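Single chain ahead, written as structure tokens, the form predicted on its own.
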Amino acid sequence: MNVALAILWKDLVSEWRSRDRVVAMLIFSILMAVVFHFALPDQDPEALRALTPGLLWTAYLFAALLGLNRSFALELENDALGGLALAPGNRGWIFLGKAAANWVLISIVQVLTAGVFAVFYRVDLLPGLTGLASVVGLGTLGICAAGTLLAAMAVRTGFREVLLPVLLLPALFPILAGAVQGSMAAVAGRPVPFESLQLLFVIDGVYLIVAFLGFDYVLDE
């Protein structure tokens, strides 16, 4: 557990000093909001409300890919992957620390991105904010669980910027299905369907367990 907390603290402090990942993800998300805004002109408010969850998760997904691609870049540049492999205890705790840091950083970007989308598309997110936050938090947890494991696998390859999306996107289909369905209900002011939350809980649990147990072999490679 102490290893996970140390990795989490290290990643958050490093990002606070450089702010390269958060700034890059945020700028990318804002640019996507601008592109969608000009691509969907003269839509009535109800149509925009219906489209917002899908557009929002599109921005979330690709911004997360951008951040996950950089999650192991610092260790690779400083040849610190070997040091991580020598950390005492189960290497799954290293995974949990990296995944937790990714979740925190991506969540910060998601909060700011949701505000930008709400302004651009004149959608009031406050009535369903609790449900939306729950769905986004669970969806992001699954993205970080699978993405952190696959980013560790792809970081040592010469095509990691291309390889990570190719490996990760198919694994995220069930997460996106539950997240978009739940977000549509939350944005419309309805209760989030139990089926969406159940799907996200199950997939998150599976990905976390598989990644925790498999991270030991990933670092060895």
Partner chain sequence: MKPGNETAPNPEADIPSPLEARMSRWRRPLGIVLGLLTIGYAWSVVSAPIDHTQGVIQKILYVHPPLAYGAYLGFVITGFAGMVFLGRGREDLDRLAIASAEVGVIFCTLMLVTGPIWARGTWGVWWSWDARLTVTLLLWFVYLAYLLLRGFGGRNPRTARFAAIYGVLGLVLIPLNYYVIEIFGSRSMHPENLKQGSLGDGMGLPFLLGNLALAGAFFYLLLLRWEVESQRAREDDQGSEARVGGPRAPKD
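Residue numbers count along the first chain shown, from 1. Keep in mind it's a predicted model, so treat the numbers as computed, not measured.
Below, we refer to the form predicted in complex with its partner chain, which is not included among the displayed structures.
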| query | finding |
| --- | --- |
| Close approach of residue 197 to its partner chain in the model of the complex, 4.5 Å, heavy atom | no |
| Exercise: residue 188 in contact with its partner chain in the model of the complex, heavy atom 4.5 Å | no |
| Contact label in the model of the complex: residue 149 to its partner chain, heavy atom within 4.5 Å | yes |
| Its partner chain contact at residue 153 in the model of the complex, heavy atom, 4.5 Å | yes |
